[in-house]
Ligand SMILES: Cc1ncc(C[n+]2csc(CCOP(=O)(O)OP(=O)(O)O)c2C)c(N)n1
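Only one chain is given next, in structure tokens, and it is the form predicted alone.
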């Protein structure tokens, strides 16, 4: 450190801050469209959670698409914590991490952002939350699929295969464990439901039905990824899956400007 001299000019930092301001502004454009029935846009959900959660919230995020939405829409405050399985990429980490956080910091709000795939692997942890009366707010981004695996297959030029999830009713499952459980299928119910969940003292599970065809666009789109997506959509059409291709196009037409 003694050998490093501070640079007097901050031109590089200023340029990067301006660039990031444009990135954040572009990301907010996806929040304005909340989606439709059972196809709520996950960006809208994540942004709503960010706006309503206290400034010292502990967030835990499952590996996969949920991690992407959290990274892009949860704002740092200096007092918030974000726990995940970022380097290891292990699935189903959000709920057990939330249990640990709630036990370590009972005075703070703990929000577990779970994917339906991740929650399916750790449903037994709901019993632990109920048994110890831990005030964890479990928010499920329920897109009825292994979203990240599906996306990785598509950009590789492969039609997605065996990525659809046959889920239980997570709200009813929470109720079976003795926890309040609510399913949200309409975008106009998202804000009210999240607000109520955060304001009540005990645990709760919100089962939010998000768009299964929502894509997470990378920071820099490569030609190979575009080719792979085009190839996978073509193969789906050749297999007669025209409806899936059309739904994918409708759900992601808002990303077209990023390709220009």
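Computed from a predicted structure; not experimentally measured. Positions refer to the first chain, counted from 1.
Not pictured, yet referred to below: the form predicted together with the named molecule.
inquiry  = Within 4.5 Å, heavy atoms only, one stretch in 104-112, 74-82, 123-131, 139-147 touches the named molecule in the predicted complex. Which?
reply    = Contact-bearing stretch, as computed: 139-147.
ask   = Is there a heavy atom of residue 89 lying 4.5 Å or less from a heavy atom of the named molecule in the predicted complex?
value = Contact with the named molecule, yes.
task = Could you confirm whether residue 65 comes within 4.5 Å of the named molecule in the predicted complex, counting heavy atoms only?
result = Yes - in the predicted complex, heavy atoms of residue 65 and the named molecule come within 4.5 Å of each other.
query = Who in 110-126 is close to the named molecule in the predicted complex, meaning a heavy atom within 4.5 Å?
reply = Sequence-ordered list: 115, 116, 117, 118, 121.
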